[in-house]
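This document opens with one chain alone, in structure tokens, the form predicted on its own.
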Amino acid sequence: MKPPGPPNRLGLGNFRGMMRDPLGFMTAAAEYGPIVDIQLLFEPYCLAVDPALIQQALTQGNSVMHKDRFTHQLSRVMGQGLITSEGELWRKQRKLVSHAFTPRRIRSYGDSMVAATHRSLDRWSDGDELDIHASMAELTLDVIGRTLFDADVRGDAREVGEALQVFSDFYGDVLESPFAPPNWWPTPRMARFRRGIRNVDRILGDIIQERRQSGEDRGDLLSALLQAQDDGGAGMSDRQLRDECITLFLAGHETTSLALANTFYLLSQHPEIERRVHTEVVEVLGDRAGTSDDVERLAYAERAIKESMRLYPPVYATGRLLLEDYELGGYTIKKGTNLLFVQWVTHRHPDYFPNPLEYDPDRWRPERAQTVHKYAYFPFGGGPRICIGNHFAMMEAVLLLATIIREYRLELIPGQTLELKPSVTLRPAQGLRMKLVARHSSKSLQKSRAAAGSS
């Protein structure tokens, strides 16, 4: 017996609904219960909504599941990095890459994150208008360049940004398409896709080759990856190093930039919350530059980001392909079924979050957060394959938010709303213009900016 789900002969209507409005379609499907059967053309899907079922599948069921078809499409760009690899290769690489994400090493990147933010602030002025998503993408590109490669990649920001847009457009089209064109397909879109891969490969390849030749340890993520060895003393091959670097580079900068941009959008709509974040930042930092040691004391800023990621999760859905029959929620889910765990749906479900559409950072106060099921909120995934950079990303988001909001209030230009375009990540359908309003121009604050920018 299958779980309940929307009735639809051959899945044609479901397919049209998913293509037309995937977020709306999956939200409506969740009304059928904690686990929902969905047929999309010739492929069976099963949507798990209940946090307990999500936890069971992502933890206990990990051994009988692989990443879904869409995730494996990402290997066209990411090769066999942590996101796309499976089995023994994944286990080996996860252990090697973990050397780059120890708590001590993550904390050491705080100064670089703040310095990158001040470099952006140096180009901003009171009254300027900016596309918040594009600006945060450029900033986090600078951060990942500095922390991953100890290199300034801002000069390549436009080229990398254009490649990311090409990738996103392509994957948005193949998300539920029954046919994903091969790389050699002779169309303008595939030509742009191939060119984007070549450009990103060239940028990363030049950096990696130079570091291989120098053998220098610069204290960055790349140095840690180059030094990492398995139990037999073997390090990563050039191809493995490329795949992990491009995975960290692409995934590490876009998700954080979306989280930050969406947070600034929400703060612009909730001035009382914005004031609380600013007040906390001033009390904690004063006129000095922030450091990784300040993150724990910036508790309300962190809650504002967590709540933004609940409402607008950059990774809005997670998929797994069943390798064998699996018992879940009282049903036998057949081998070959695609399991869906949709952050957008579960994060906004009224059974798990009261007033789910309200932006309320205080729902993450410790006494309230402890009542939330661990898998009712899973912006970084869960189980053994939880995002390895989750602590890095949260520290980055808090420090960048604090550094910016101390100097500027960002006001949304009237007449705009945040419209979403699900693709590899949950991107904006179009840019949001925001106006910079300077708070003050104290000499001590300018000194802290100068000190941070020179670090």
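Quick note: we count residues from 1 along the sequence shown, nothing fancier. Only a predicted model underlies this, so the values are computations on that prediction, with no experimental measurement involved.
Heads up, the form predicted together with a small molecule isn't pictured, but that's what we're talking about next.
Comment: 243 to 251 is the region of 194 to 202, 122 to 130, 243 to 251, 295 to 303 lying near the small molecule in the model of the complex, near meaning a non-hydrogen atom within 4.5 Å. Looking at Cys387, you'd find a heavy atom of it within 4.5 angstroms of the small molecule in the model of the complex. Contact check for Pro361: no non-hydrogen atom falls within 4.5 Å of the small molecule in the model of the complex.
Though the partner is left out of this view, Pro379 does reach within 4.5 Å of the small molecule in the model of the complex, counting heavy atoms only. Heavy atoms of Ala30 never reach within 4.5 Å of the small molecule in the model of the complex, leaving it off the interface.
Three-residue candidate spot His118, Ser135 and Leu399; no residue lies within 4.5 angstroms of the small molecule in the model of the complex by any non-hydrogen atom. Of the listed positions (Leu328, Ala163, Ala259, Leu339), a single one reaches within 4.5 angstroms of the small molecule by any non-hydrogen atom in the model of the complex, namely Ala259. Just one of Leu267, Val77, Ile144, Leu225 comes within 4.5 Å of the small molecule in the model of the complex, counting any heavy atom, and that one is Ile144.
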